[in-house]
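As a starting point, one isolated chain is supplied in structure tokens, in the form predicted alone.
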Amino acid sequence: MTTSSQDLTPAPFLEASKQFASGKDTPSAFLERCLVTFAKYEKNVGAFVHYDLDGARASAKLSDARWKAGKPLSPIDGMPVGIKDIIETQDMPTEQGSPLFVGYRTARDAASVSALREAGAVLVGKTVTTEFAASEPRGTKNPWDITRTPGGSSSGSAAAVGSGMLSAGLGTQVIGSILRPASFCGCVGFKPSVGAINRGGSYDGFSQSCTGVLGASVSDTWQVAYEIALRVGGDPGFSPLIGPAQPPAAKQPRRLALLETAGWSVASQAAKDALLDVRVRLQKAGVEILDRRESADIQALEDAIVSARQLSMDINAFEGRWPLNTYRDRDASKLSQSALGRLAQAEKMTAAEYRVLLAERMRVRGIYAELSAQFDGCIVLAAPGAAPVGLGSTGDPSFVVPFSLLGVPALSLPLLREQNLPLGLQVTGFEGRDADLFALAAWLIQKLDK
């Protein structure tokens, strides 16, 4: 099944909510439109591992009443959302994409889920994740073409939002698990500054991990992230997401850096041409754009991040020794060869080697931070091309892993195409300046989405 671009329609919530107070539309009616899409695509796409449609409908009716009374709990009151199945929910299983945890319930909500409930969001279900949010796929297919990967590890959230089943879904990223699936499935993906959104109750304990959002629009994506951080803050010891209570207004940048990264060598010519066309269009709009050939500082960064993937994988391997060792001792037959391989690598590593890896990461982060005085952000491809055919891999993360390593905010915007399929334009910002990145993204959409 190949779906045409006319068949897939996103479901942005904030725009529709403008009609709720007058009664011209309601959260229940909005949900039912999403569920029509769910009925049409879910059987073939497999975005959900668990769902509760009756519960979602009941929650939407409560939201109807609050909007009618003029007392919504938040701007996302009534928004249909999905929760990546690496994140705890008290009323649904949290299986982590693993046979070891089929049916497992913790009887508590993660911090992000608790915040969404307080904000009135409608939790439709748990979306599929790869095994332990790593590299082993768990069956979700790309809604644009079910012979292709949806990306991972936030595969279910991306597929559900990209097809219009949901307005937003929670994701997590330590390598490329939000931005790559957003690129492949045609939705917005947001990886915040490290620590900006509370990860409590999410089984991704790596130092580069972030809880983020996949959304139908840039505005929806900001609002979900903001409402979570407003209620539960960031990770302990980190500043919560900083920014306004409404989506940041579009702001034209003065100067941008165009980054190639190690992914340039494997990108399709069509993908490269799409990014270079963006460069030309933005320059015509009055934005100065420099690349490695025109800036020694950009060249220094390109050199520093060329090994970002391996450095990140090595850091993650050491940090993932526990709990993988306890899972192996429990039942190694239920672990993928990928998970067992990561554990074998971890058990050969020393604390001294890990300290060297962390020092290198800090060095690279410093090089990137120096660009903040010269540039308003960076433009990059989000993937080497459209989603590749086959479900045995989640795709190449070369373009997105540097920004996980750097710990900076990044967005994948559904503005490019290759093979008539989605391809994300990645825009990146600077630590703690997530709102500035959204202002830049809003301006890019105004200029490029035509």
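What you see is a predicted model; the values in this text were computed from it and never measured. For every residue, the number given is its place in the sequence shown, counted from 1.
The same protein also has a form predicted in complex with a further copy of the same chain, omitted here; what follows describes it.
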> Taking G201, S239 and Y354 as a possible spot, do all three reach a further copy of the same chain in the predicted bound form with a heavy atom inside 4.5 Å?
Replying inline: yes
>> So in the predicted bound form, is a further copy of the same chain close enough to A107 to count as touching (4.5 Å, heavy atoms)?
In response: yes
> Taking the shortest heavy atom distance, is E319 within 4.5 Å of a further copy of the same chain in the predicted bound form?
Replying inline: yes
>> Test of understanding: in the predicted bound form, would F375 fall inside 4.5 Å of a further copy of the same chain by heavy atoms?
In response: no
>> Just checking whether E118 would be counted as a contact of a further copy of the same chain in the predicted bound form - the rule being heavy atoms within 4.5 angstroms.
In response: yes
> Of these, 267-275, 250-258, 326-334, 173-181, which stretch puts a heavy atom within 4.5 angstroms of a further copy of the same chain in the predicted bound form?
Replying inline: 326-334
> Pick from L230, I367, M313, V102: which residue has any heavy atom within 4.5 angstroms of a further copy of the same chain in the predicted bound form?
Replying inline: L230
>> If the cut-off is 4.5 angstroms on heavy atoms, which of these, S74, S295, S114, S219, is the one near a further copy of the same chain in the predicted bound form?
In response: S114
> Mind listing which residues of 355-388 have a heavy atom within 4.5 Å of a further copy of the same chain in the predicted bound form?
Replying inline: R355, L358, R361
